[in-house]
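Given next, in structure tokens, is a single chain: the form predicted on its own.
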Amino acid sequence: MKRQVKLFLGPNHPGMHGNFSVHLYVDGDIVEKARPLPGMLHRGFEKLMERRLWMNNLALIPRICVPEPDINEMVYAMGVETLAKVDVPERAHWIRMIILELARIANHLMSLGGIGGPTGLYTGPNWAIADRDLILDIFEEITGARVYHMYIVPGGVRKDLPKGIEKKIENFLDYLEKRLPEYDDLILKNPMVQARTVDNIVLPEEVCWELGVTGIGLRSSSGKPYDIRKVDPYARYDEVEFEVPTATYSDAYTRLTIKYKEIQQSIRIIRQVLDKMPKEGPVRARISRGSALRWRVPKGQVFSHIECARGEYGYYIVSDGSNMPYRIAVRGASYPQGLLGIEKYLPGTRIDDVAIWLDTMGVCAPEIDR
């Protein structure tokens, strides 16, 4: 006898990143219908930004993605700098790349370790969170904060790097490089993880095109190295060498493997940045005379985008020439798979694989809640 039962995943659940809820309608252990429910943050980030001064928004925007907040600072700063025709000092470009790549590593570590939750490999998150903390130590020394940095600002970065931080970053990269083979043994070569992820939660290429999925989802299914750092370089990504890992079969295991490879590429990028960046010089251009809070951005509109750990991340910004934005729209990288994808493609999944679906698809709930 067929009997459908309604289950709740979230808004607070070990398999869910951020406050987000999915209502699951199941028959036995198979999901027959899934209904995502964003709105748990009760923020409305876009409209809040349109009621705040241009500089006041710096304290708000990092919260749109907690695991990787710096991308919001970067894409907002790029958009405002384009409208205001602000030239960023050379050293600031390279410092921004250090922050962004460290944030990418921190995000991928959380995701790699996070697969331990739904697969029962609890050593994974313990290792990953401890190593992520080492990155947060570096962030704290550079910016004064561990998670929400408010460091990348229109005109450059808030302040220069502290003395001796380059050596600490190099020491961390040396440590992580030696540590990565252990992650490979613990997670990627683990029979328990492989049994749950190989040939499971497959993402076909045509679904990526249908929904607008970018990032690892698109690269792992299509074999196409579509990465904004390559196709539309910003900061100084066009002056460093790195590879964009791809595949042509996107199951959960392939997406995990690509995150592992991207950590290796981020290490490679940061090493080049430390070698090539100017050793001294200004890090922030003056954007206005007098108080920055009274700054008025010239009238116009712009779309700025960057590559975050989950894919293409963009802001559409409209200024009417006043001291606050007229309109801001956020293109969250996980919006397609996190909202449309859950509703259309989560059905058919076993209950115990739902958390694997959400983890490996790269869903950051506040991007949907925006």
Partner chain sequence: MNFMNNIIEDIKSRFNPENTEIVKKNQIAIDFKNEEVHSALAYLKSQGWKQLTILTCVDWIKENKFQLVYILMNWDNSITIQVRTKIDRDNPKFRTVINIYPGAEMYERDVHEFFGVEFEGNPNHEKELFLELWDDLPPMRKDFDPLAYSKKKFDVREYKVDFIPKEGEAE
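Residue numbers count along the first chain shown, from 1. If you're wondering where the values come from, they're calculated on a predicted model, not measured in any experiment.
From this point on, the text means the form predicted together with its partner chain, which you will not see here.
Within 4.5 Å of any heavy atom of its partner chain in the predicted bound form lies no heavy atom of residue 32. Contact annotation for residue 323: none of its heavy atoms lies within 4.5 Å of its partner chain in the predicted bound form. By the criterion of a heavy atom within 4.5 Å, residue 345 is excluded from the residues contacting its partner chain in the predicted bound form. A residue is said to contact a partner when one of its heavy atoms sits within 4.5 Å of a partner heavy atom; residue 211 meets this definition for its partner chain in the predicted bound form. Look at 52-60, 65-73, 24-32, 329-337: in the predicted bound form, residues with non-hydrogen atoms within 4.5 angstroms of its partner chain sit in 329-337.
Contact check at 4.5 Å (heavy atoms) against its partner chain in the predicted bound form: all three of 228, 312 and 369 pass. Proximity to its partner chain in the predicted bound form, defined as a heavy atom within 4.5 Å, singles out one entry of 264, 82, 200, 272, which is 82. When its partner chain is considered in the predicted bound form, only one residue from 218, 105, 77, 95 comes within 4.5 Å through any heavy atom, namely 218. For the partner-free chain shown, 38, 39, 42, 46, 47, 50, 51 of 37-51 come within 4.5 angstroms of its partner chain in the predicted bound form, judged by any non-hydrogen atom.
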